[in-house]
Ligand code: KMH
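In the form predicted alone, a lone chain appears below as structure tokens.
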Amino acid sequence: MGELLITVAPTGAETTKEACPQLPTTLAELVTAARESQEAGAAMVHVHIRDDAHRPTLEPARLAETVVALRAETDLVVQLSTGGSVHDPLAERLHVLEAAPDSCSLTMGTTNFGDDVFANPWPFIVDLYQLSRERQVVPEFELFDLGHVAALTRLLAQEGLPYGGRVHVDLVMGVPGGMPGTADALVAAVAALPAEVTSWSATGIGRSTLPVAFAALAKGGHLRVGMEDVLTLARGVPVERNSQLVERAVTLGRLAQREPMSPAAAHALLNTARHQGAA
């Protein structure tokens, strides 16, 4: 099954600093979390940023500063979220690519997100996809439901391959309103992936973290972990730092005889601009 790509998602946009003081919300905290996660075995970082009040933001200068800092302190593939929070306007989400990350998230459809709605209308998806190609940013297609798998098939048929020529997707499972975080749902989603997909990972939210991880490893997929997605290691045992979740993913991978992928190998897997420049 080859090496295991472990992506760390350190922060997210939902959890507040008040509710979880150990959540990395400042730039210094985020860089430390990323560096520790790389040392533990992560190869890519999925980034949401916060403002001085620890609230989610898509402020262009902060995004650019974050990309520069992460590249200076780590070798990780730097992936910026274009989802932001569920309240961010579509136009602001497009501007995320101006920060020149290696990769960006690209969610393939609108979904209920707890009590909110995460809006991703088709024209916005196409605009973001075309812009990612123009900016030479590799998209990671976020699939929250089986309908999103079908939408990816439609997008590739209509627009062709993304920048870099690789199609990497992430199954986001267990969000209230999306597909459940179960082995059955994962198997169904993987079976429906279009032939152009070259690699895929899975993310289990909350209590679905471990079931999704086990199923993904069994099917040959990669893993995303981090405090964006889960805040406990077990019932009543809080996560103190993101590297703990990476370390657990490394342990699970090695049980499946899969060693963690290096950042350089992850850049090659996704064929990022930095990899092409180094090749």
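Sequential numbering from 1, following the sequence displayed. Please read these numbers as outputs of a predicted model, since none were measured by experiment.
Although it is not shown, the form predicted in complex with (5S)-5-amino-3-OXO-hexanoic acid is what the next lines describe.
The chain is drawn here without (5S)-5-amino-3-OXO-hexanoic acid; in the predicted complex, the stretch among 43 to 51, 239 to 247, 208 to 216, 29 to 37 whose residues come within 4.5 Å of it by any heavy atom is 43 to 51.
Using a 4.5 Å heavy atom cutoff, none of D102, V167 and T272 lies near (5S)-5-amino-3-OXO-hexanoic acid in the predicted complex. Between the options L97, L156, V190, V86, the residue in contact with (5S)-5-amino-3-OXO-hexanoic acid in the predicted complex by a heavy atom within 4.5 angstroms is V86.
Under a 4.5 angstroms non-hydrogen atom cutoff, (5S)-5-amino-3-OXO-hexanoic acid in the predicted complex lacks C20 among its neighbouring residues. Remark: T107 counts among the residues lining (5S)-5-amino-3-OXO-hexanoic acid in the predicted complex, judged by a heavy atom distance of 4.5 Å or less. Using a 4.5 angstroms limit between non-hydrogen atoms, D145 is distant from (5S)-5-amino-3-OXO-hexanoic acid in the predicted complex. Using a 4.5 angstroms threshold between heavy atoms, A268 stays clear of (5S)-5-amino-3-OXO-hexanoic acid in the predicted complex. Contact annotation for 220 to 250: a single residue, E228, has a non-hydrogen atom within 4.5 angstroms of (5S)-5-amino-3-OXO-hexanoic acid in the predicted complex.
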